[in-house]
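One chain comes next, on its own, written out as structure tokens in the form predicted alone.
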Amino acid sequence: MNHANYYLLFDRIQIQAANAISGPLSYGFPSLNGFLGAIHALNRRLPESDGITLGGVLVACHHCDVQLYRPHAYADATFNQSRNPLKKNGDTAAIIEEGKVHLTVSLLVEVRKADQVWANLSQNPQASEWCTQVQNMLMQQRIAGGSVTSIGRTQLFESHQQDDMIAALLPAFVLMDAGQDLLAITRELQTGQQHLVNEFDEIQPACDENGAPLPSARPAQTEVTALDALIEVATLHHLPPDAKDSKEWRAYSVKSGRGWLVPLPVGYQGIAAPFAAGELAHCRTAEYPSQYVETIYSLGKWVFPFRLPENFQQCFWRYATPQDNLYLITQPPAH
């Protein structure tokens, strides 16, 4: 999509019973596909005569309530299950194991208007009418498999109103790509020295106040890969005392000091040649080609709006052009 003329805020969308399982190995918050897919579906429903296209999506979460049960603090959590709706004959339905979450999120969407722009946006009746129209359309859709029960408001912003958009997102945390943090962790595990991502999104060794490199709590392992680093992020170590006169064990996680990191599915890798439309039996739709894929994981980070990058376009998730059997969702600057 070309540079956006406007940004459309769906403020505080209440979603009930969204899919809490974001991938084969992660749960708690819906996958990015759930939000980008909903906006893509909304874009397809817009009248072509309007000349309006929706693009990238910024995801901000205000509240997240995973529907699970844990009898005590040391027990495994299990998803709450239900047996509804009733069958036509009144019998209860069988249990289909699934994970659900109730959410309050705000979505900020890039808007490209090809023809004449809206003058005096805040008081333009056509812009206001269009906002009401798309809000009603989104209320009729599902988002991440959940039902939309309410939308606080819908508002258009011009591209120069970045501070106003950030203020409108408060209080919430914005989901950002943390691929650079994953590379920094990988390098730390390989070299045995701490590495961090600076404000310019560059990876550099961490040093103390005297400029000396800080050692990692883990010994160097040159054969470590990004997959090992991803597993290390989910690991909590209990380390023995450093000195003989100390009896205190300490906990260590490579995530410490790097912000709120989470595993994040960012797309799919094709593992077989694509099937032509209608060739693969029992797939969801026979209108489009199908392909067997595996989920690709990376790292994400929840960031408070005041700490978002200065280049605001980097905060929007977009579908990347498929290449080499890779189907990715990324956060590149808009072209």
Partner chain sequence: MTTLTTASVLAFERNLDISDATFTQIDSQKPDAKASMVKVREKSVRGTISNRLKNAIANDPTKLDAEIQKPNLQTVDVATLDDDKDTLIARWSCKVLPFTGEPSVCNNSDYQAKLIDTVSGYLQQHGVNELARRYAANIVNARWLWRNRMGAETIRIQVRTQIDGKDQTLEFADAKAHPLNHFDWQADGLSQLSDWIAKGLRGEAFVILYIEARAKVGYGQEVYPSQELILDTGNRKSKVLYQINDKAGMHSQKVSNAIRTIDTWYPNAQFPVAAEPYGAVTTLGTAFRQPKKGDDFYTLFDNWVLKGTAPSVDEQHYVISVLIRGGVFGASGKE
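Residue numbers count along the first chain shown, from 1. The shown structure was predicted, so the numbers you read here are calculated from the model rather than taken from an experiment.
Although not depicted, the form predicted together with the partner chain is the subject of the following passage.
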**Study point:** 4.5 Å heavy atom contact, residue 218 to the partner chain in the model of the complex
**Key:** no
Review point. According to a 4.5 angstroms non-hydrogen atom cut-off, is residue 83 in contact with the partner chain in the model of the complex?
Key: yes
Review point. Should residue 325 be classed as touching the partner chain in the model of the complex when contacts are defined as heavy atoms within 4.5 Å?
Key: no
Practice item. Answer for residue 311 alone: is it within 4.5 Å of the partner chain in the model of the complex, judged on heavy atom distances? Key: no
Review point. Thinking of 69, 147 and 284 as one candidate spot, does the partner chain come within 4.5 Å of a heavy atom in every one of them in the model of the complex?
Key: yes
Check your understanding: If contact means any heavy atom within 4.5 Å, which of 251 to 259, 152 to 160, 87 to 95, 199 to 207 contacts the partner chain in the model of the complex?
Key -> 87 to 95
Check your understanding: Which one of 140, 116, 222, 120 is close to the partner chain in the model of the complex, taking close to mean a heavy atom within 4.5 Å?
Key -> 140
Practice item. Select from the listed residues 235, 136, 246, 124 the one whose heavy atoms reach within 4.5 Å of the partner chain in the model of the complex. Key: 136
